[in-house]
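Here you'll find one protein chain in two forms, each presented separately as structure tokens under the names structure 1 and structure 2.
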Structure 1
């Protein structure tokens, strides 16, 4: 942190929304500013370490204000501030009980940092576990996944207990409610498994919101990995009725619909198992309005993604594993018709574990709520 940046940070701290917390005392404003100035590659760590000592040594009554200081902080600063707050709480466990009302008010303000609110919940649990548990159901549709996840888990655990006690109807209803609120893949899969064991069918395609209807074209060349940077015809303009030159003659677009629970678009199905090749998939996605979204992709092959002709991102890597929402690409839908284009490449490896030539894709909000095409 430079001497020129400190006044700006201090001025910014003066504007932080302390409406439901004791104002940060003057003696802590500079240490907080030093911690919030930490950035990548250790920049500001020396000043932050000295500031942390002052913060960690302060009174527990200042915890709500320090939680508020987490609003808008980068990940590095959040870690420093969380550590200081936890140290205070460990040192003054008895004093946490005096902050229950302030922590509860802090939790109720969804404008605060999701990580700060999650920490506030953990502190409230230490101070009054019964009150914290009673508040959890109110976070089932919380805009922060940190608290939503805990609320979903509480409901799913209650459903499991009902199922064990033989109350299947109530258990199924609670599991379905939990599934509707879940946003993270492991929770969705876990709840879906429990519903399936109770004899209920779960539509995972719909739950995740996969894009399943595509047009595909290929194969094109990828000898020696050269296809990643080569702009084949689909990158130059999408004409779904046109033929173009492929790897071994003319190729054209064909319809493909994924039947996989996980929305997998498997190029081996229409094009057979090939190596050193490139394929493309395009999907129309309709929106009632302009809105920011995340295009979430899972793929173990080389790939690139475009939305409405704008390149979003790509990775020239192969067979390193795949998981749901492996890549999250910030994007902007336009009103009406949008077009998603995916380039998926296969390399020359021939081992059994390299045969997959596929991807999965969905469109969500920042929290992971599926957004589906309106047509």
Structure 2
């Protein structure tokens, strides 16, 4: 960190919108700023290492202030701050008991960093496990996924116990409540399975909020993987009514609607099982307002994604695996019509496990709550 940037960082710390910020002692402001300044490729590591020693050597009574300092920190800095707090907590184990009230206050303020609040919960558990456990049900709709996940699991476990005891009505109600709160795929699938076993219908497609109505075009070439960096016609402008040159003659856009519970857009359906090819899918997505979102993709083929013509990300890995929300791409919706364009590439492999030429995509908030097109 340069001498010019430090005052700016200190000023920034003072201006952070902490709703209930624990006061940071003057002596810790500069070390906190140094640790928060770490960035990519180890930039700031040298200054941060010296600052970390000061933070880790401080008194446990400052843990709530250090937790507050995690608000707005980048992912590198969160880890530096976490390890400093853990080190203090280990060194002054007995002192944590004196911070129980402050940790509870911190947890109660959902404006704080989700990760800082999760760490506060872990510290509270060490200081007073009973008190921490009693707070858990209150995290069912928490903005922090780690806390929310634990509360969802507690409720789902309780529902399962009710089901086992034969109290179906209560079990179904609790499972449905847990399903509405769940944001992570494994929990959604697990709860949906148990509801199905109780005779309840779960619309997985709707629960996940997949984008299901697409227009697709292809095939284009991908011999030797060269299609990844080749901008075929759809990348140069979307003309849904126009024909263009494909791999073996003229190709045109056609409608494709995914009927899959998992929103799969399977290029093998319209184009048959081809190898060394490229396909595109485009979807309109309507929004009432401008808002930040995540475009979440699962794909085991090579792929690229654009939103409103802006390239978000791409990856040229083939057939190493797929899962829901495998890739989370930060994006910005504009009010009104948006267009998502996905390029999906199949390679030359012929093994049974390389047949798939498909993707799944949904739009969510940062927590994973589905956002659906308003039209």
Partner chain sequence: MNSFPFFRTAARNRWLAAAVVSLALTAQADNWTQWRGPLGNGVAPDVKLPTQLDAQAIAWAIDLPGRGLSSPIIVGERVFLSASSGVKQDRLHVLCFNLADGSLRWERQFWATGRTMTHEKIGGAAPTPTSDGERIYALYSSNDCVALDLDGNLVWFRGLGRDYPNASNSLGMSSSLVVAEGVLVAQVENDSESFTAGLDAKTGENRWKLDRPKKANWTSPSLLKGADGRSLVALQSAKGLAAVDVRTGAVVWNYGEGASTVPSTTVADGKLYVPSNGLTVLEPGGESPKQLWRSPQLRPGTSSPLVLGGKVFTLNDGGILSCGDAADGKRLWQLRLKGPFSSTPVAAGGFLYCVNEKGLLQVVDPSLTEGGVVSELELGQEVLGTPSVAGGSLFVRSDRKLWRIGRASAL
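Values in this document were obtained by computation on a predicted structure and should not be read as measured data. Positions refer to the first chain, counted from 1. Note that the rigid core is defined as the largest set of C-alphas that superpose within 1.5 Å between two forms.
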Inset, instruction - Return 1 or 2 according to which structure is the form predicted alone. - result: 1
Inset, instruction - Note the number of degrees the smaller rigid part rotates with respect to the larger part between the two structures, based on C-alpha superposition. - result: 14
Inset, instruction - For residue 132, give the CA shift between the two structures in Å, the superposition being done on the rigid core. - result: 2.7
Legend entry - Distance the CA of residue 50 travels between the two structures [rigid core superposed, Å]: 8.0
